[in-house]
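A single chain, nothing else alongside it, follows as structure tokens in the form predicted on its own.
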Amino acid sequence: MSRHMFSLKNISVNYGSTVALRPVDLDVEPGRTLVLIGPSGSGKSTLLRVMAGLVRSDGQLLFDGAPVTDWRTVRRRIGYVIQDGGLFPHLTARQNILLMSRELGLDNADRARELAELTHLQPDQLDRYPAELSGGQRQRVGIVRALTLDPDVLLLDEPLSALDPIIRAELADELKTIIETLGKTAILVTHSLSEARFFSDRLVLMRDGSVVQEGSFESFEAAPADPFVTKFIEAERKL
């Protein structure tokens, strides 16, 4: 049996007296896409940041079958994508993409060009600064940057939410194709149920820092674990 890429056991996050994440148990299978879904403030982004090593937590976190003892090593195996790409404004797209490669003394220029082609970035766009790029182009640069070091896991925090509907649909197609083509483990955060269904058949619905239900959309409909599940589905359908 293959090891889980992530195993979370009783993971919780508190900021003083504020509870951001209640004890969560979750396993992430390698080579699959898992979607964390829920309303704002539900804890889904906090949970993703725990897996990125950006938020300290209580409980046990295993990566690739072993407890995390050195986040510097683990982070090299993780690609992280946030809204609008999270690019440095004083660097060109190409410089943003290759920043970590240069820090590590790696020549990834060819890989960056190949990934840029996969995301339909034009060569001249790579020499522009973020302010000279559209929202969709900046997000594509952020995705290429996250993949340039060939990580085992791709963490995506609402990567499509700031885009207009047409660009959002185009980039969703490209992103899903890239994840499947490269065989990456992916964990995606979204508040959109339609987006969650598009990317994965395994959804984790969260509310108030807790996991309400885990499984397929069909299981959410057929056997909701809580009235909130039905309410969330119905609210999405009205929009």
Partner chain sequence: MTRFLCLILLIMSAGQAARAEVKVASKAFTESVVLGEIARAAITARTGEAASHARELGGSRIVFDALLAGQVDVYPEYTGTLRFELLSGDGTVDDVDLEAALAERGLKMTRIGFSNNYAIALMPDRAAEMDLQTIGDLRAHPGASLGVSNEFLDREDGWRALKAAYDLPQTNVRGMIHDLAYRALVSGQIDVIDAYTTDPQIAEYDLTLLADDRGHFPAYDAVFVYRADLPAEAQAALTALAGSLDEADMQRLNKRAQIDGESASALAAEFVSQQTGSTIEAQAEDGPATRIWQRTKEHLGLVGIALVAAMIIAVPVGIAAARLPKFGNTILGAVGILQTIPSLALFVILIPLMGIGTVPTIFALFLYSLLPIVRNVHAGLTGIAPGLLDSADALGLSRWARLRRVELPLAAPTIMAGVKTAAVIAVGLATLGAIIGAGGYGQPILTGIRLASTPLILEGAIPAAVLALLMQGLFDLAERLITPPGLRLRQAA
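Numbering follows the first chain given and starts at 1. If you're wondering where the values come from, they're calculated on a predicted model, not measured in any experiment.
The protein also exists as the form predicted in complex with the partner chain; that form is not presented, and the subsequent description refers to it.
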Is the partner chain in the predicted bound form close enough to R75, I78 and L87 that every residue in that trio has a heavy atom within 4.5 angstroms of it?
yes
In the predicted bound form, segment of 47-55, 187-195, 171-179, 27-35 with a heavy atom within 4.5 Å of the partner chain
47-55
is_contact(H120, the partner chain) in the predicted bound form, heavy atom dist at most 4.5 Å:
no
Heavy atom to heavy atom, is L99 within 4.5 Å of the partner chain in the predicted bound form?
yes
Hey, in the predicted bound form, is R145 touching the partner chain, heavy atoms inside 4.5 Å?
yes
So in the predicted bound form, does E103 come within 4.5 Å of the partner chain, heavy atom to heavy atom?
yes
Just to confirm, with a 4.5 Å cut-off on non-hydrogen atoms, which of V153, I167, A112, I82 contacts the partner chain in the predicted bound form?
I82
